[in-house]
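Single chain ahead, written as structure tokens, the form predicted alone.
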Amino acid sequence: MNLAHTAEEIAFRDDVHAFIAKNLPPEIAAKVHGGKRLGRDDYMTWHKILARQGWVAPGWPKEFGGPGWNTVQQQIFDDECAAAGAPRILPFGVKMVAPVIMRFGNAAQKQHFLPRILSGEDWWCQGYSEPGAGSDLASLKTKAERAGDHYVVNGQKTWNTLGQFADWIFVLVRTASAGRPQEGISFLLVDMKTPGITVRPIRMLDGEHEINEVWFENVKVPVANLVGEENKGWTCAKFLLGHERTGIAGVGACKRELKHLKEIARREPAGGGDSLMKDVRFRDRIAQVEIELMALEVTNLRVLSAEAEGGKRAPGPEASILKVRGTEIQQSLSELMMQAVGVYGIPYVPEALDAEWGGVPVGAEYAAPLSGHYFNMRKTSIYGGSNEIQKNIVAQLSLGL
């Protein structure tokens, strides 16, 4: 694989760079670079700027409103956005439910939902995990019973990310109980304003409200919102998870974090009056994670290329490799940043995550958000299917073990 960019790719990068420099609000970029808390308006502002340019869904085919970029162009775009401090495009609509609708949805569902995902009119969230069905997702118990032209849904979902803002939720429900656990599952699209839905916040260890429980009590969902065939939703579920795990790799964001780590290491002191960046042992650890990130980027390009060539094929076990390695690298970067600032990374000051915070940080300003970021990164090896499960998938499907 030739990793050198062609003249056309360099020109493309220049165009993307110029657009972002002109259109990304500096106050949002400052929040991202400073590790500050992002709100709904920050995400939606950037989403709508990209939507007007036709760039909000780099991986979508042209027929559905995508820009028609190849895999290298998509990676360049991801790199430039992350380096500039752009918020990530939230994956639930663009990268998770949209590919399922494109692949398994009917014409009416495509016509109604896909343009609204592009424009940002609908904020989506995920209804997969349950208290007794996380990594063993097929054991889910949320039930949908057919009653004429609608289903009646009852049950509970958990670890629902940013559902407090959502307009719609995609949900896996049990519509039959006979046969293997993977059988009898259906994939529904549910309006969050439907009576009977309750969103309850789950406060995390750092006090933040990012995840929720979602309860369904006699929620009526039109049969028209069933995607694919009834009782065949496990196929949709796996298709979506492949896209989700590919997106978790976050190569562009990892590059930005690596650059931030190097900046911290240059500013933090080591023994003998030198900077930490000149400490051989610490520099070797940075080099090791950078090498692993370069390998991840190549693997990501391979997966995206295979996905583009396959058209409607979801990433297979290679998505699990991306998920495992991407989250391990994210955790390594956050650990090294914490170690670089030493004791100044220990105090956790939630107020320091607000852009308007006027307090005096303990140590350098960049140390204040690091502990919150470190704790938040602990979850990445669990969500989207735990890394232990992903290694089993690779062992079974790739290595035949």
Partner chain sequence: MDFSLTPEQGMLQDSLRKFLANEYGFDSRRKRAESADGFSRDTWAQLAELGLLGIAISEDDGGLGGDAFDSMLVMESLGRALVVEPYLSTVVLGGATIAAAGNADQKAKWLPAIVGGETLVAFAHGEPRSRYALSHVECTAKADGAGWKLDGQKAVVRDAATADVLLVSARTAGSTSDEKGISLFLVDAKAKGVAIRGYATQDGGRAGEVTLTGVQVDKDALLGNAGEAYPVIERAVDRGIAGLCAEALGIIDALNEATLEYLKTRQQFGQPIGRFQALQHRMVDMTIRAVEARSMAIVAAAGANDSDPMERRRKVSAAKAHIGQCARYVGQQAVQLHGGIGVTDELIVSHWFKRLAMINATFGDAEHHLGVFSDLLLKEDA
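Everything quoted here is computed from the prediction, not taken from an experiment. Rigid core here is just the name for the largest C-alpha set that superposes within 1.5 Å across the two forms. Positions refer to the first chain, counted from 1.
The same protein has a further form, the form predicted in complex with its partner chain, not shown here; the description that follows concerns it.
If you check its partner chain in the predicted complex, you find no heavy atom from any of Arg180, Ala224 and Glu229 within 4.5 Å. Put simply, of Ile197, Ala176, Met294, Leu162 only one has a heavy atom within 4.5 Å of its partner chain in the predicted complex, and it is Met294. Only one of the listed residues (Lys255, Lys141, Arg116, Arg283) places a non-hydrogen atom within 4.5 angstroms of its partner chain in the predicted complex, and that residue is Arg283.
The chain is drawn here without its partner chain; in the predicted complex, the stretch among 189-197, 232-240, 258-266, 95-103 whose residues come within 4.5 Å of it by any heavy atom is 258-266.
In the predicted complex, Thr299 approaches its partner chain with a heavy atom inside 4.5 Å. In the predicted complex, Lys391 approaches its partner chain with a heavy atom inside 4.5 Å.
Looking at Gln331, you'd find every heavy atom of it more than 4.5 angstroms from its partner chain in the predicted complex.
A residue is said to contact a partner when one of its heavy atoms sits within 4.5 Å of a partner heavy atom; Glu290 meets this definition for its partner chain in the predicted complex. For Asn300, the Cα coordinates differ by 2 angstroms or more between this form and the one not shown after the core has been superposed. Taking the rigid core as fixed, one finds a CA shift for Ile202 smaller than 2 Å between this form and the one not shown. Annotation for Asp78: C-alpha shift under 2 angstroms between this form and the one not shown, rigid core superposed.
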